[in-house]
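First, one chain by itself in structure tokens, the form predicted on its own.
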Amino acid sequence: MALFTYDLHVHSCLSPCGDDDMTPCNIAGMAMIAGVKIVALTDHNSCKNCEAFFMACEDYGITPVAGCELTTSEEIHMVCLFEGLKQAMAFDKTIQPYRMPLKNRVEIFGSQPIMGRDDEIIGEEPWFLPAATSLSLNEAAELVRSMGGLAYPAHIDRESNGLLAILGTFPDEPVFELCEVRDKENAQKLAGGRRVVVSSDAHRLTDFAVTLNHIELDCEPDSPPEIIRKALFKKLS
């Protein structure tokens, strides 16, 4: 068993609300400087920068996790994480029909660049990513789980797009045994006995790794990323 620092909710520049300097290489580099071992890339309704992020993390010795922050039809944000990159990219394709075909207005919302290995721009997402999907909370959770991923409500301690702010309480279905907060204070009170993940929801490099959070995993500190991810998903599942 060993303690690992983690942040499982970080946005890249693909999210229009994320700063342009939140590139895959910059995030991986900041993680190394801050001492964060495990980092999940969770852009709004897209996993398209995860491949570049995995390559950047390999260069910096960081264990990457692929995922996204999905917006349900109720406007609830849900963290979706996958143990493998291929699973995440398959999920990215699967949710495309459920996304709102609303053109992104760069002059208002910002750009949505798809990045390559060395932070070069290789494409641009034309549709506005943060818009709600047509998937209900229950449908979204079932879809993620059917594809082997983890699904849990994001930042329940926030008014904006938080499950508790919108529904008032955890629903009977889907069952969530895990939830996320941004602030450890009052976390257990809000979680109602559920296990808690504390993550930054970083949109800027200055947001990332302001405080270090730790999780104990059944593997060695110098284990390969795939072993660390397997231990992480076993712990959170």
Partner chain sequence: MLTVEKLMDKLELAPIELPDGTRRITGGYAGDLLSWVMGRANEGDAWVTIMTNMNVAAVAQLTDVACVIFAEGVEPDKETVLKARMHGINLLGSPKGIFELCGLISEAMLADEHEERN
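These figures come from a predicted structure and were not determined experimentally. Residue numbers count along the first chain shown, from 1.
Separately, the form predicted in complex with the partner chain exists; it is not shown, and the next lines address it.
Undergrad: Against the partner chain in the predicted complex, would Gly29 count as a contact residue? Criterion: heavy atoms within 4.5 Å.
TA: Judged by the heavy-atom cut-off of 4.5 Å, Gly29 is well away from the partner chain in the predicted complex.
Undergrad: Any of the heavy atoms of Gly168 lying within 4.5 Å of the partner chain in the predicted complex?
TA: Yes, Gly168 is a contact residue.
Undergrad: Residue-level question: is Asn138 within 4.5 Å of the partner chain in the predicted complex, judged on heavy atoms?
TA: Judged by the heavy-atom cut-off of 4.5 Å, Asn138 is in contact with the partner chain in the predicted complex.
Undergrad: Please determine whether Glu173 contacts the partner chain in the predicted complex, using a 4.5 Å cut-off between heavy atoms.
TA: Yes, Glu173 sits close enough to the partner chain in the predicted complex that at least one of its heavy atoms falls within 4.5 Å.
Undergrad: Here the chain is shown alone; which of Asp92, Glu74, Glu125, Glu83 has a heavy atom within 4.5 Å of the partner chain in the predicted complex?
TA: It is Glu74 that has a heavy atom within 4.5 Å of the partner.
Undergrad: Of these, Ala132, Leu164, Met147, Ile114, which has a heavy atom no more than 4.5 Å from the partner chain in the predicted complex?
TA: That would be Leu164.
Undergrad: Can you pick the stretch from 96-104, 116-124, 156-164, 83-91 whose heavy atoms fall within 4.5 Å of the partner chain in the predicted complex?
TA: Contact criterion met by 156-164 only.
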